[in-house]
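Okay, so here's just one chain, in structure tokens, the form predicted on its own.
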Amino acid sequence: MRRVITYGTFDLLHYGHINLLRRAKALGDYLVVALSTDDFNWNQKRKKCYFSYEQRKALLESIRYVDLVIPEENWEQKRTDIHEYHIDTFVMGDDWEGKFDFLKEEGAEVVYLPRTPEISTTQIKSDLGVVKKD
């Protein structure tokens, strides 16, 4: 069984997220999603989420492509997650291209998938006037 992992905040879930999850699942048999906790989002990413961790987790668990949702509590846990969950493939959006190549040393294939170009949570928040666009 090939195990795949991806990481993210997945706030204001949209079809770009679904596309990522569908394509990640297609790379294996079992998809683990490491979901950023509220503390991690605020303290390390400086992101405020609309939905709480538990709400975002419930949304992800209802998606057929997702087999397991785990908490992402810090940047460093990726190495240990690869081993703890017996991960074969690590997947991120291509906006992170090259940033996680070091995980190849842990025995995982690293894949950067193209983002769905016309949609992002930042764009949604900007369009709604929730955040200023850079």
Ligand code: C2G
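Sequential numbering from 1, following the sequence displayed. Predicted model only: the values in this text are computed from it and were never measured.
Although it is not shown, the form predicted together with the ligand is what the next lines describe.
None of Y65, F51, W96, Y85 but one reaches within 4.5 angstroms of the ligand in the predicted complex through a heavy atom, and that residue is W96.
Although the partner is absent here, M92 sits close enough that one of its heavy atoms falls within 4.5 Å of the ligand in the predicted complex. In the predicted complex, the ligand sits within 4.5 Å of a heavy atom belonging to K47. Although the partner is absent here, A24 lies well away from the ligand in the predicted complex, with no heavy atom inside 4.5 Å. Interface residue remark: F100 is counted as part of the site for the ligand in the predicted complex, having a heavy atom within 4.5 Å. In sequence order, F10, H14, G16, H17, L20, R23 are the residues of 10-27 having a heavy atom within 4.5 Å of the ligand in the predicted complex; the partner itself is omitted from this view.
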